[in-house]
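A single chain comes next, written as structure tokens; it is the form predicted on its own.
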Amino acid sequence: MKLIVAYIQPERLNAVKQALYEREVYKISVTNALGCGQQRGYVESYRGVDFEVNLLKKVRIEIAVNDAFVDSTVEGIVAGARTGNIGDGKIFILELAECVRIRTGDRGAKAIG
């Protein structure tokens, strides 16, 4: 079992969800996040005062999958999020020690579904 965490551009969320649905990955968790990477933000002027915006809006996606779905999930995220520009995002794949479905008490791969 793996936990896939991806940071993407907010405007690419619908494309990522569609690409995941095409690969039969339906269970995702999405949260708003702030962060910066190689693009390091930008400078904006407000009422004549310049200020640096270095924390940019991102979307964090978390998906717990069984080992058989890891590659197709990563491919779906990349297919939906890639624009070819700096700031497209990152994907992290973490080992998932345990999963428990609260409703039934199922554990492990059966709980992920």
Partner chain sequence: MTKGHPSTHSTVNSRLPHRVAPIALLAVLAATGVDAATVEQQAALEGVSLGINTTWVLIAAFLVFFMQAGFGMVESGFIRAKNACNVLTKNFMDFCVAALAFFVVGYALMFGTDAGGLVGTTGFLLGGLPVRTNGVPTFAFWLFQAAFCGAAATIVAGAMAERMKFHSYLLYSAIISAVIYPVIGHWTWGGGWLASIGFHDYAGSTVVHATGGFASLIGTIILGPRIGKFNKDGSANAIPGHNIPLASLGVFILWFGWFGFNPGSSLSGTSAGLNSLVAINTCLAAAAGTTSAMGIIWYVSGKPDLSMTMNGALAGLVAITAPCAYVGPGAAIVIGTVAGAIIVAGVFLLDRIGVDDPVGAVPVHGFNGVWGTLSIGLFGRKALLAGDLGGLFTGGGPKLLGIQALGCFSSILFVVFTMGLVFLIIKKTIGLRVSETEELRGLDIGEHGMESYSGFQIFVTR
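Rigid core: the largest C-alpha set superposing within 1.5 Å between the two forms. Positions refer to the first chain, counted from 1. Computed from a prediction, not measured in an experiment: that's the story for all the values here.
Not on display, but discussed next: the form predicted together with the partner chain.
With a 4.5 Å heavy atom cut-off, would you call Glu24 a contact of the partner chain in the predicted bound form? Glu24: no, not in contact with the partner chain in the predicted bound form.
Within a 4.5 Å heavy atom cut-off, is Glu44 in contact with the partner chain in the predicted bound form? Yes, Glu44 is a contact residue.
With a cut-off of 4.5 Å between heavy atoms, is Leu13 one of the residues that contacts the partner chain in the predicted bound form? The answer is yes: Leu13 has a heavy atom within 4.5 Å of the partner chain.
So in the predicted bound form, does Ala68 come within 4.5 Å of the partner chain, heavy atom to heavy atom? No, Ala68 sits far enough from the partner chain in the predicted bound form that none of its heavy atoms falls within 4.5 Å.
Gly84 C-alpha moves between this form and the one not shown by 2 Å or more, core aligned: The answer is no, as the C-alpha of Gly84 shifts between this form and the one not shown by less than 2 Å after core alignment.
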